[in-house]
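First, one chain by itself: the form predicted on its own, in structure tokens.
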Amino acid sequence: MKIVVLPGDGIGPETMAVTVDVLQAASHRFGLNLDLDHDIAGHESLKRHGATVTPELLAKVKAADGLMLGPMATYDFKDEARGEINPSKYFRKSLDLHANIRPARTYPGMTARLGEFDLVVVRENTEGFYADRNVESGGSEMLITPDVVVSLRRITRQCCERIARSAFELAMTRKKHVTIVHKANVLKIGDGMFIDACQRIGREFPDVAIDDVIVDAMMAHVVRAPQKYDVIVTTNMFGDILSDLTAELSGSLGLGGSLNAGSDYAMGQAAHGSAPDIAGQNIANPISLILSAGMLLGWYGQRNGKQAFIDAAAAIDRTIADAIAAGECTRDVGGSLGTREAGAAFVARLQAA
């Protein structure tokens, strides 16, 4: 398996270095023969190539089997005409990575403030309210007058159906429960179509229980009792917000793994940002990026029928859980180790298991 590795900005190089060590340990233990191709994106690419991402990099990624994208300083990138392209958006759109899979779970060894839970947010990734993914040319936010902005949202049946299928297929491997999150009481047409598409696909999975919750009520319900939920499927912006909330409820956004998957490509990406305020201090939590790397290995294994990759992904999950339980992690999740030291502890556990 060939993986293009882009370390990113801020804490990205630190957390990606640890993640690469974990991937290499997994490759050695499970005989994966990983080929890690290192390149650049974000600020480093902007300085060197005049653009945060380049067509040549996209071609390299398309020729590989997967992509690991480190945290990017996306808020800094405002003018695409000057090469300031959002790398995350660029790859999601260019590779048609329609499903953003974001697990959230509690771990032994950490205080479970809301009780133990294990859920996954399945977020549509290519349309919705995001102005940079809605139209073929230009943006879908318009300044009508100096004091009036109109923002458009695109919802298509095709995208609704394929994210629904991703959610139901995932639910069949878990507790067989899908919750549709929407705002159909106000967005009657767009979210009405989203609910209808999810229910249509759901009829192909008669063993899966289905319910639906309005998004504002869902924010209250998931804080009160997250253990009620298994797989949550929703549109782009609602999923972005909800998945950050559920990751934080598990103990830290630093525990939020994230996989962006399409029909042909997939990208592992931490759920958090580049945190430039703590960059270079050896305190950043690498777990989110490590979990995302494990998810990428699991996706590749399932897609290609390669059990060794599925086993490696499961071993990475277990190693993270065991390390947290033993306190071999960074301070934000109850440990006392630095980024590099936590990474070394993860690698040692993965090699010994």
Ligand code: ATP
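All values reported here derive from a predicted model rather than from experimental measurement. Residue indices: 1-based, along the sequence shown.
From this point on, the text means the form predicted in complex with the named molecule, which you will not see here.
With the partner left out here, the named molecule still marks one of 150 to 158, 178 to 186, 73 to 81, 100 to 108 in the model of the complex; by a 4.5 Å heavy atom cut-off that stretch is 73 to 81. The closest heavy atom approach of I278 to the named molecule in the model of the complex falls within 4.5 Å. Residue contact check for E341: none of its heavy atoms lie within 4.5 Å of the named molecule in the model of the complex. The named molecule is not drawn, but in the model of the complex it has no heavy atom within 4.5 Å of T52. In the model of the complex, H272 approaches the named molecule with a heavy atom inside 4.5 Å. Contact with the named molecule in the model of the complex, judged by any heavy atom within 4.5 Å, is made by just one of L95, L253, M267, M218: L253. A single residue from the set L67, L297, A284, I290 has any heavy atom within 4.5 angstroms of the named molecule in the model of the complex; that residue is A284. The single residue of 1 to 20 lying near the named molecule in the model of the complex is I11, the criterion being any heavy atom within 4.5 Å.
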